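Each of the two blocks below gives one form of the same protein chain as structure tokens; they are labelled structure 1 and structure 2.
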Structure 1
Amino acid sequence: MISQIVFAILLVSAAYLFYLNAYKIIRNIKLGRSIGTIKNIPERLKIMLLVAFGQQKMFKRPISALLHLLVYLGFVIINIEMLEIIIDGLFGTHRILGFLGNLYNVLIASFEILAIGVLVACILFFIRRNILKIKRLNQAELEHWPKTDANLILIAEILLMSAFLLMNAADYKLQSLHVTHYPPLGSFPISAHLATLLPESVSTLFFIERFCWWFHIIGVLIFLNYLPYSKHLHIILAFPNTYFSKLTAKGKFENVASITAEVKAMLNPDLPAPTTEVIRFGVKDVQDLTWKNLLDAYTCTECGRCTAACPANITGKLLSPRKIMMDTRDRLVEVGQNIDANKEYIDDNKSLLDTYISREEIWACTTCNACVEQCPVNINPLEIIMGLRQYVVMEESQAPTSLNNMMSNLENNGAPWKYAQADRTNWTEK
């Protein structure tokens, strides 16, 4: 009875804590600007199904895609087991779903096979990250916390899966010793082998089984509450993030509507001056981004496929699209904490531009869309870079000199070079 009460308290506290964190993340995302009404729902569902659920874009890199698929399938399917663990925990039952008979055997057997798959994949991921030193997993922006974060997740997965298998092994052995309370339920293709390594003592086996059971469920609850602080949040946000994907051609950059009104008024003085409220042009801080950009930032799992494909980064420039996303999230979290402390945002003399992202970074972008193309969960770092450029150019007039020259040529001659408009058709005479 006591264990049931402890279990219920743990479960409710973990759920409540997660709710509080999720609420804060949603509030932070809502600090972003509107992107209008969401249309084309069938198309969006299809993208979510293919890209998030079906992991379509992961397969641009087949090896990591296969390993990731193992972990993903394991995560999704083994979590069915959570249902049983919760019922057992609350009602003091044991393997309550055992009445499913053969289906139960199939379920437990597949959980075991997946668990060993997850275990192997996580160990390989750990080796790739820490021993093979793959470039995109060891770049500057991952130093310190991000690298620790990644390793913590892998270690947690390895521990959880080990506990799961060990628990089954002990259970299987208790079953085979005909211990009461452990009726023969489930099929254990992996842990049956593991069981041979366990001691024969019933009390030790009982301890191992209970310890692993509690370790697994407490581990999962801690993991749930670690998510909001981790890059690993993508396991939830990948779904909404792909649902809210940009549906138009990647080459299309949205026209700024508030500027359209002003330009129309400039070109046609007869029109009344625009009455729309004046908002900042471009992006200086996270509140100037759209809420989709902010959702992107929370969704990013720092895999670095964007950065590995970025022509600027490949050739040694400071720009890294992954860092753009990480900076955006870090600044957004900081703004959120500012709001928590002060009830509303109080200027802290910091901003996404300059405090986090330097001008050298944003000017190195070729707008080639390689980062957008590569992202397995349809994050768009390019929109953030463009927003920052717009602020620097339109609010501060601080474009690089050569670009100012190009723009003044454009204004005066209708071409980015210093040629006379009257010479535009000279090519017909050559």
Structure 2
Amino acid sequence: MISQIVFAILLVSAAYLFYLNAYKIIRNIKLGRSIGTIKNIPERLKIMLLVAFGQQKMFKRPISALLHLLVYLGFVIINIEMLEIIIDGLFGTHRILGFLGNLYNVLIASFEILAIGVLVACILFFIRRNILKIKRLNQAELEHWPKTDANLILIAEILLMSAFLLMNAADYKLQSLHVTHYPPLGSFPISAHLATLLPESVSTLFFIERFCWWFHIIGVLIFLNYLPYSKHLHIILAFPNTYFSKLTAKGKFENVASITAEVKAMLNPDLPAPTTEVIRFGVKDVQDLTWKNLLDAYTCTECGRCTAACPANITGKLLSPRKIMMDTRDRLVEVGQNIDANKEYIDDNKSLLDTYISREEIWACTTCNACVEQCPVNINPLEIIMGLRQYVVMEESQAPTSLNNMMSNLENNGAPWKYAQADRTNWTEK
């Protein structure tokens, strides 16, 4: 009974803590501007199933995609057994779903095969990141915490899968010794071989089985509450993020609604003046972004496919689309902490532009959309970059000289080049 009470307290505490963290994340995302009415629900569901659930875009890199799919399926399916663990933990039973008979055997066997697959895949991922040092996984923005975060998750997965298999191995051996409370249930294609390495002592086997059981469940609950602080939050947010993907062509830029309204009012005085007060043109801080941009930031997997495909980054320029998303998330978290501390946002003399993202970065972008195309969960760094540029141009009039010259020529000559409008067709004469 004591263990059941302890288990219940741990379970409720972990669920409540996750709720608090999830609430803060949702609150932070809602700081963004509206994106209007969501339409084309069938198309959005299709994208979510293909891109998030089916991991369609991952397979542009087949080897890492297969390993990731194995970890993803293993993590999701193996945690189906969490249902049984929770019931057993609350009611003091053991393998309560054993009444499923042959189906239960198939399930346990499948869990074990997936577990060993996840274990091998995580070891390979760890080797790729830390020994082979794949370039996109070892760039400047991943130094310190981001690199530690990735390694912590891989190590946690390795330990959880090892504990799961070792728990089953001890259980299998206790079953074979006909120990009370361990009826012959389940099929153990992997852990049956591990069982041969375990001692014959019933008390030692019982300790191993119980220790691994508690290690596994506590590890999962800790992992659940670690997610809000980790890039691995994408295992939850990838689904809504792909659902709310932009459905128009990637190269289509939307007009700024507030500017359009003012221009129309100037061109036609008979139209009513815009009723919505414009606080700022473009983006200076995270509150100027849309909530979808902020959801993008929280969903970023830090995989670096965007940066690896970015022509500006490839040619040595400062821009890294991955860093744009990481900086946006870091600033959003800082703003959220400001609200938590002061009950409302108090100006801290910081902003996304300049404090986190430099002007050199935003002007290095070629707007080619390679980062958007490559992202496995449909994140759009370009929208953030363009918003920052709009602020610099429209609020500060501080565009680079080359752009100012071009825009002046467009205004005066109707072309990017500096010649009279009367000479526009001279090139046709020869």
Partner chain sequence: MENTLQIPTAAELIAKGEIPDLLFWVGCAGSYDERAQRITRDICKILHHVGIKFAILGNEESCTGDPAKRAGNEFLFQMQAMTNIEILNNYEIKKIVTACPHCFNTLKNEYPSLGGHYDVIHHTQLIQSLIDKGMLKPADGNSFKGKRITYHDPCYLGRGNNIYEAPRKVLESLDADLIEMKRCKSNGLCCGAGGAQMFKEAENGIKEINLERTEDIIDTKASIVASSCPFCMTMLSDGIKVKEKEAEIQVLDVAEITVKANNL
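Superpose the two forms; the largest set of C-alphas matching within 1.5 Å is the rigid core. This structure is a prediction, so every number in the text was calculated from the model and none was measured. All residue numbers here follow the sequence of structure 1, with the first residue given the number 1.
- Only structure 1 matches the form predicted in complex with the partner chain.
- In this overlay on the rigid core, Ala422 has a C-alpha that sits 2 Å or more away from its partner position between structures 1 and 2.
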